[in-house]
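Only one chain is shown below, in structure tokens, and it's the form predicted alone.
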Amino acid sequence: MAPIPQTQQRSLVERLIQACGGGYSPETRRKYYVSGPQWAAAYEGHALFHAPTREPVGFEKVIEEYGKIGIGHWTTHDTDVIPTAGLFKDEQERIVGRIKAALKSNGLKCSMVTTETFHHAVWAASPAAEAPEVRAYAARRLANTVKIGHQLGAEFAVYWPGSLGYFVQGAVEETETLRWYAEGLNAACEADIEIAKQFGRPTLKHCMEAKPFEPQAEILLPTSDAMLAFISSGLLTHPEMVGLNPEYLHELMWGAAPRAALARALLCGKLWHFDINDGYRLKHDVDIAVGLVNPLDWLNVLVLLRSHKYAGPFNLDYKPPRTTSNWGVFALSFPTAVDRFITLWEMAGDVIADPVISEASAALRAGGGPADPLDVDAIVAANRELLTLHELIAHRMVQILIGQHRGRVYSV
């Protein structure tokens, strides 16, 4: 193939996007509770070892493009859209007003807000640092984000304590630090109760997000299970207001099964919000778009969530690859991420309704009915053949994933 002139490259990509097919209309995409973060679309391709590869994008552009794609909800950190120096000032109110106007004109809602407590130098020793003035500032920031959430009509506030930890052993006293962190959450919830009254709205759902690695060497709340224990520890004054926002890749990173982590959160009644992406076990936080690495695992996850009637947001917390252009972020990356999610979600419905899987699952639950239920060898013998159905169920799910259950085979 001859070199592709720059003036022809976008049309080539557009033609190949159309050739892929399988996309959904913006109207169809809006039927799903999918949210698009400001930080994901505005990501410039930078990282610890990476220089930026894209130009900056403001929130008006992001919200406008999400509206065109059919992403019905928008989420943000406070300082994604408001400079740190502008917080608590008139500049904050002006920007919040611009956001409200952009959301309204593009038909979007703000579903979640979160506070940046990991990037700025003030968080060098975490929002639960030894210095009381740092903790006081953290509490003020959290309460301010709650206010912004109510101004924008959000339902959720998310907390990622990524800087809650240490680089060197002995630097912090863990129980003290966790108590200080709880004080920050308590301040946010107390502020929420008062602010919600002022706005005549329900309080927000406060959701903790775990991550096992990065940016600290050791993290104090590295997993969703650790956060469930923290919520029930007695340190929170309003534990009923605090739940979880697991992230798929954060659960996968440390070698765990995201589906199992979600199941434990469901049993506790604390699965309120879910960040969706993809990646690899025991690797860093690559934040690949949903379904590009582990589509079968994602199908399993969505079967679980559909089976338990999960109705919360699916937040597209991923980074468009550094190789994708500014134009490609909105023309390709976000539309295809939403479309893969929709397809996997609907496939999960196929799994739940599939007669083969339904009969196999029912047979496993029925058991073999041993002649003597007190005879262990009889119990083993009675179920020996039935247990083969575990592998059959897995095979059937792969068939559904690749369309083989509808007769798709290859001639050989």
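Start at 1 and count along the sequence shown; that's the residue number. Just so we're clear, the structure is a prediction, and the values are computed from it rather than from any experiment.
Just so it is clear, the following notes concern the form predicted in complex with D-glucose (GLO), a form of the same protein that is not shown.
So which stretch, 333 to 341, 178 to 186, 165 to 173, 208 to 216, is the one near D-glucose (GLO) in the predicted bound form (non-hydrogen atoms, 4.5 Å)?
Only one stretch passes the 4.5 Å heavy-atom test: 208 to 216.
Within 4.5 Å of D-glucose (GLO) in the predicted bound form, all of Asp78, Arg98 and Arg141 (non-hydrogen atom)
None of them does, since no heavy atom lies within 4.5 Å of the partner.
Tell me, yes or no, whether Asp192 is in contact with D-glucose (GLO) in the predicted bound form, where a contact means a heavy atom of each within 4.5 Å.
No - in the predicted bound form, heavy atoms of Asp192 and D-glucose (GLO) never come within 4.5 Å of each other.
Any chance Trp160 has a heavy atom within 4.5 Å of D-glucose (GLO) in the predicted bound form?
Heavy-atom contact with D-glucose (GLO) at 4.5 Å: present for Trp160.
Would you please decide whether Trp39 lies within 4.5 angstroms of D-glucose (GLO) in the predicted bound form, comparing each non-hydrogen atom pair?
Yes, Trp39 lies within 4.5 Å of D-glucose (GLO) in the predicted bound form.
Asp278: heavy atom within 4.5 Å of D-glucose (GLO) in the predicted bound form?
No, Asp278 is distant from the partner.
Looking at Ser126, Ser224, Ser111, Thr114, which has any heavy atom no more than 4.5 Å from D-glucose (GLO) in the predicted bound form?
By the 4.5 Å heavy-atom cutoff, the listed residue in contact is Thr114.
Out of Phe230, Phe118, Tyr310, Phe314, which one falls within 4.5 Å of D-glucose (GLO) in the predicted bound form, going by heavy atoms?
Only one listed residue qualifies here, and that residue is Phe118.
Mind listing which residues of 239 to 277 have a heavy atom within 4.5 Å of D-glucose (GLO) in the predicted bound form?
Contacting residues: Glu247, His250, Asp275.
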